[in-house]
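Next up: a single chain in structure tokens, the form predicted on its own.
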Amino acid sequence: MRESWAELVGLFANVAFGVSLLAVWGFLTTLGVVIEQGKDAAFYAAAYGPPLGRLIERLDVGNIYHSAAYVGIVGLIVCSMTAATFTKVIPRRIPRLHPVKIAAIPLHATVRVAGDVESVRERIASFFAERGWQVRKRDFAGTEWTFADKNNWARRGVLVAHIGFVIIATGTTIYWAKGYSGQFAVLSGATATIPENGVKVDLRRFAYRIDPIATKSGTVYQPIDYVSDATVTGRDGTPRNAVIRVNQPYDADGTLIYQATYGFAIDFRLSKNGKPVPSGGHPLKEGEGFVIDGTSRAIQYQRFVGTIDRATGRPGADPRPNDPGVVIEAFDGDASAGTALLALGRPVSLGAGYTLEAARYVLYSGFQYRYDPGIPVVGLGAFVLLAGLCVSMYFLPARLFVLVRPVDANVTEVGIAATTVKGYDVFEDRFREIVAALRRSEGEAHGP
């Protein structure tokens, strides 16, 4: 059992294994960014095709941040970092005090000073203490060693960074357990409800602004601002006025509601031989459609055209509704029967007595919402992680090994070696200065 446990700890402490776990975590996170989250099976089938849509559903990629695979990989990363911390980082970063072969360390020097061993030890200890070094003495098999440390506390910088990552993982786990996110669209004058907390959003009015910008390649129509004037009713049942715009979310009972997008919903009117025929029952948003009763044919609203070029009859560049129209696609079963551009308010014949009219448009506002109780924890973890990295990068812990040995009755030899957590080159000049200062302070004695 001990051997198996040691092998398991060794595997998790292995750098290559930890990096591979981070690679898998990054891949899963990327999938969550690329593939829209929280949609139903029909959405994925339409957006990515039936085979890939079924695969997304089976692997739970559409809810990847809450999936067992994602939470499991985060747990394995935490275990890997814990194993590496206690088996590699701590022993290397916070080494125990122990004797060394001074001459075998690249940074070493020997200084001979006058005096007996005990007095020299006391003078050497005072020399380093006066210069801000932490001095400790240890006896090993009757031989006394002096250890001097500078910035010894900074050895724990990597440990602090690891703790920061664990705190971040804890915050993401809190979101996995209690948080939620999603999106919804509300027509002007309509109401929508966030299913997770029952918050109601009544969109009284939506406004946007698009300004033409002249560039070298032509005129670009850039959205400058879009804002929703809404009434939000929280758990307490009290309606509150809310102005929601880009980068200015509204906080409803801890759930942040973001202004994400907007669009034009179209009120289609279908008739046969002059009599109205059901056509969806409500204004349709882009991508929505309806099936013509009693037939295998369907109409899908593709996109809104702000301006129809009167000269060509094709969509113009200006997205603002000057002479608006809509692009629709007709289907016969699963096969496309073609697309058409309909001017708003102008009925067109579909054949067999059917007439379709895009009667009017209704602005709608698209919102995203997110409730994440782990955000303060993640923020704390990010601060701790950054603090640990700064300590590790900008402070240099160094240790001096000092061994005092008698040469004769009046001369004592002081052997000094230095190590750091970042190698020897970064401390070479500083070590020369320390040895030179020691020689000036004590004076160089010459023995037999």
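Just count from 1 along the sequence shown to find any residue number. Not measured: the values here are computed from a predicted model.
Below, we refer to the form predicted in complex with protoporphyrin IX containing FE (HEM), which is not included among the displayed structures.
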| query | finding |
| --- | --- |
| Every residue of 209, 305 and 307 near protoporphyrin IX containing FE (HEM) in the predicted bound form, heavy atom within 4.5 Å | no |
| Candidate from 426, 22, 437, 9 lying within 4.5 Å of protoporphyrin IX containing FE (HEM) in the predicted bound form - any heavy atom | 22 |
| Option touching protoporphyrin IX containing FE (HEM), based on a heavy atom within 4.5 Å in the predicted bound form, out of 385, 417, 398, 403 | 385 |
| Candidate stretches 323-331, 127-135, 153-161, 187-195, one within 4.5 Å of protoporphyrin IX containing FE (HEM) in the predicted bound form by heavy atom | 153-161 |
| 4.5 Å heavy atom contact, residue 389 and protoporphyrin IX containing FE (HEM) in the predicted bound form | yes |
| Any non-hydrogen atom of residue 81 within 4.5 angstroms of protoporphyrin IX containing FE (HEM) in the predicted bound form | yes |
| Distance check, residue 422 to protoporphyrin IX containing FE (HEM) in the predicted bound form, heavy atom within 4.5 Å | yes |
| Proximity of residue 96 to protoporphyrin IX containing FE (HEM) in the predicted bound form, heavy atoms at 4.5 Å | no |
